[in-house]
Each structure stands twice: as structure tokens, then as C-alpha cells.
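Before any questions on how it binds or moves, here is one chain, the form predicted alone, in C-alpha cells.
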Amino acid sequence: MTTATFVHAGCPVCISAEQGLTQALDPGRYDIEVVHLGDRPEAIATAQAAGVRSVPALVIDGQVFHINHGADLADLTA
């Protein structure tokens, strides 16, 4: 099974995207992981290493899909 990691910061744009995307993904094909950077700030470095530059973002098989720009990761580390 492929892991789909949804990374967000908890803003309304992020929550809306999380709900829409996680419901749209086939749970038979994807193991869905949701990473809320507000709750897990230690995961910011992992997200950056994966290529995430802004949130919300979805990472599947090393490919990053940036969705409806909510915040730059650099803004979350300040």
C-alpha cells in the first residue's frame, strides 16, 4: 500500500483541504497519514526534507502536491 501524507498547519484552508482530499483518496490504495505541524512542530524538518515548501500539501511516493497555498513552511519556523 502507498502512503499518502497530508501536511498542514491547522488553518481553515488546510482543514478544508484535509477533509476533501482524505475523503477522496481510496483507502484500499493509500495508507493516509495526516501531519498537523501545529501539533507536531518537530515534523517541519521532515516535511521540508520531503520537498514541502508550503501547506497544505500532499506527498505521495516522494512527489509533493502543493494545494491552495495557506502558509510557507518558513513562516512556521519563525
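Residues carry their position along the shown sequence, with the first being 1. These numbers come from a predicted model, not from an experiment.
Unshown form predicted together with a further copy of the same chain; subsequent notes refer to it.
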Handout entry: Contact label in the model of the complex: D26 to a further copy of the same chain, heavy atom within 4.5 Å
Key = yes
Problem - Interface membership of G20, a further copy of the same chain in the model of the complex, 4.5 Å heavy atom rule - result: yes
Practice task
Determine whether any heavy atom of I60 comes within 4.5 Å of a heavy atom of a further copy of the same chain in the model of the complex, and answer yes or no.
Solution key: yes
Handout entry: Stretch 34-72 - residues with a heavy atom within 4.5 Å of a further copy of the same chain in the model of the complex
Key = L58, I60, Q63, V64, F65, H66, I67, N68
